[in-house]
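As a starting point, one isolated chain is supplied in structure tokens, in the form predicted on its own.
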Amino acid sequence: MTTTRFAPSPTGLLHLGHAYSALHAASFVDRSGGDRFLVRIEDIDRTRCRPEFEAAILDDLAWLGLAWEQPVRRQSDQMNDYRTALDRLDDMGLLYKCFHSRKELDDALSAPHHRPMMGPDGPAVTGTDALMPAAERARREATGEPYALRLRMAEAVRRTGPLTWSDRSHGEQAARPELFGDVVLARKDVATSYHLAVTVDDALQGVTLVTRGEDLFQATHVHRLLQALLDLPVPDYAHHPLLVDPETGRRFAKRDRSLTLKALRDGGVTAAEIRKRVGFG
């Protein structure tokens, strides 16, 4: 049995790229064979997520002809699940609080004696707790200053050993989470990160095939590590190419308001035309 999911963030309206991604995930599902298609709302960023966007997302998906299993999982309602995962990692001695500001980190990483490894997101941040005297860390914690909860990557990789995942688009992959350094898994004011939340969610929801855009391919290195550390099942992956505007060559984005599904619907475009336009007609 196959279980896939489409997991948008309600920070704006859906566009053509979202339509492609949702239809792509649903295309792997054979309901007559008991397969499942899920919709998950990834709304941990409470400063940008809006209820009206969530409502519009679900309305657009139904308009496209998609049906999904109920209830819809909302990440903002699942903080206890993420806390349980963090507690387990903490019990393993794999978490530490990083009190450095962004500027302090940039200054430390650019120091002549410091040569950080370059990762997919820039210089890999590692061992920041060692960069600040213990007394200063204690002072900042006592005064309630913000912090990031980071994973001790070197120790985590040592614990798991070599890891792989199967990608239907790119073949067997060797996981290299160390490229990301000590990734942030939570913050003082945000109880989880994208990496932790989606890994826990996919496991709890029984997702067996993660379909998503190639822009998230690199994140799978970290997700595979978290699965191993937390003894979670490993799904297959299918990272699809990003849909681009044929006129500009740029990927579709939420800022392209003229190409949102709402704008196209208001302009008289039908769901069948949208499906055909993104290759699922």
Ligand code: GLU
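Numbers for residues come from their place in the sequence shown, where the first is 1. Given the structure is predicted, the values throughout are model-derived calculations rather than measurements.
Beyond what is shown, the protein has a form predicted together with ligand GLU; the following relates to that form.
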item	value
Segment assignment from 191-199, 88-96, 176-184, 147-155: heavy atom within 4.5 Å of ligand GLU in the model of the complex	191-199
I274 within 4.5 Å of ligand GLU in the model of the complex, heavy atoms	no
Contact flag, E54 vs ligand GLU in the model of the complex, heavy atom cut 4.5 Å	no
Close approach of R36 to ligand GLU in the model of the complex, 4.5 Å, heavy atom	no
R251 within 4.5 Å of ligand GLU in the model of the complex, heavy atoms	no
Sequence-ordered residues of 1-19 touching ligand GLU in the model of the complex, heavy atom within 4.5 Å	R5, A7, P8, S9
